[in-house]
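Next up: a single chain in structure tokens, the form predicted on its own.
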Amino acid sequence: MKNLIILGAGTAGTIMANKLNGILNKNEWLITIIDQSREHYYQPGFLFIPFEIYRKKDVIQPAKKFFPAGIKSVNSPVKLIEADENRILLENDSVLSYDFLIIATGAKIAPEQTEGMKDSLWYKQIFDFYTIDGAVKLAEFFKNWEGGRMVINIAEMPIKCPVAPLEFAFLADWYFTKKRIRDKVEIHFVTPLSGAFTRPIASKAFGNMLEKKNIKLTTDFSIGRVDNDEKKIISWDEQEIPFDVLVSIPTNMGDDVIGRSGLGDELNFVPTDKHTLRSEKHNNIFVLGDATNLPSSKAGSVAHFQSEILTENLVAAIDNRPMEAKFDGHANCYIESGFGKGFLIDFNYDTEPLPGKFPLPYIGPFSLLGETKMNHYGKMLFRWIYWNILLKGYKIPIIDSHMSMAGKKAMELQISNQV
């Protein structure tokens, strides 16, 4: 019996368990999935908790509910990945050997990487919304907050779901308007990027939306430390921005076990071939989702698209065939903009988000880089799709793992190529 181990039972790992369970011969292969958590979190839903759209119970289900029958699940922290020995050392010192390993350990926030971030104001006037605890604490804070200066700060890139900070700003504008205190809340979006987003055309569109909503934008701000006494963030070049409440998107890092095992870069992300999704150092290790160091977005849709490529390439590697499937960096993200509307972007390594219709040319029903009610409905429907289709490894109809130019405006494509 040969062993395939999937390390991590989040979005990427669970999808792969379901896909491979239906492909690999059960008489020849044992699939084992390892994770220390017994719960599965719908992480895109964390964004909605501070604004009383979702509650904690809406984003949590038992992890085992989504594992296919016939695979082995191990609930344990991992002490070490001994890649040269093809084995995993668990916290209790038991050892699991593998023929192939899929690393899907994800990413996590690391507020301790910024001086003063986790000091006296942490979870009092400094919050994150990238964890369930942070989102719940922020919801409690907002219920009784009467206004002031709210600073939303991205510490550094890359981060999970790079559109989420913008969504937070847009939803905050809606939420405080609904509470009738918007005139008492100053919203300040502070980013290390040179614009509101990573790609020029989308950055302009979202920058215009921030301006429309009277949200101040400060770019090229690299946070160096947080002064808890004076309540201000200070950049490495000594710019200072005061706050009454700081909503931080801290440094994102890969899992600690990646660093302990010597498999990651300085942020514990695994160096990965951007097309085949195979580890750059070990031929029998594949990586997907937020655990990679790829220049694609760290988002659930990306993990889903990657899973289709990885499945083909892993089977080819098992059969000693050339790996012909190529991941193109495809990402597809809905962006809530508040007041029952939203945006949608679709892009990859080489092509930035463009205006148009999705997924059907001329018909849609979703609009690319346009703010519509239909895009909002798509965002809210995604939670059902996540639990019932995406996690189970099913292919989403019409939407291909490779980005299509169908429905996108050629004129804007020419502009994007000149930027």
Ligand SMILES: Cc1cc2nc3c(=O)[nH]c(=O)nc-3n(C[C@H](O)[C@H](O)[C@H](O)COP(=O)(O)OP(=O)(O)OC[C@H]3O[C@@H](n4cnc5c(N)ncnc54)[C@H](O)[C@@H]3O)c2cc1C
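When you see a residue number, it is the position in the sequence shown, counting from 1. The model shown is predicted, which means the values in this text are computed figures rather than measured ones.
The same protein also has a form predicted together with the ligand, omitted here; what follows describes it.
J.: The ligand isn't shown here, but in the model of the complex which of F67, W29, F382, F51 has a heavy atom within 4.5 Å of it?
T.: None of the others qualify; the residue that does is F382.
J.: Pick from A202, V78, V151, I154: which has a non-hydrogen atom within 4.5 Å of the ligand in the model of the complex?
T.: Contact with the ligand in the model of the complex is made by V78 alone.
J.: Tell me which stretch of 142-150, 288-296, 307-315, 217-225 has a heavy atom within 4.5 angstroms of the ligand in the model of the complex.
T.: Going through the listed ranges, the match is 288-296.
J.: Would W174, L344 and L369 all count as contacting the ligand in the model of the complex, using a 4.5 Å heavy atom cut-off?
T.: Spot residues vs the ligand: no contact at all.
J.: Answer with yes or no whether S301 is in contact with the ligand in the model of the complex, where contact means some heavy atom within 4.5 Å.
T.: Within the cut-off, so yes.
J.: Is K160 close to the ligand in the model of the complex, meaning a heavy atom pair under 4.5 Å apart or at it?
T.: Looking in the model of the complex, residue contacts with the ligand include K160, since a heavy atom lies within 4.5 Å.
J.: My question is simply whether Y130 lines the interface with the ligand in the model of the complex - judged by any non-hydrogen atom within 4.5 Å.
T.: Yes - in the model of the complex, heavy atoms of Y130 and the ligand come within 4.5 Å of each other.
J.: So in the model of the complex, does N388 come within 4.5 Å of the ligand, heavy atom to heavy atom?
T.: So N388 does not count as contacting the ligand.
J.: Do any residues of 6-20 have a non-hydrogen atom within 4.5 angstroms of the ligand in the model of the complex? If so, which ones, in sequence order?
T.: Going through 6-20 in order - heavy atoms within 4.5 Å of the ligand in the model of the complex - the hits are G8, A9, G10, T11, A12, G13.
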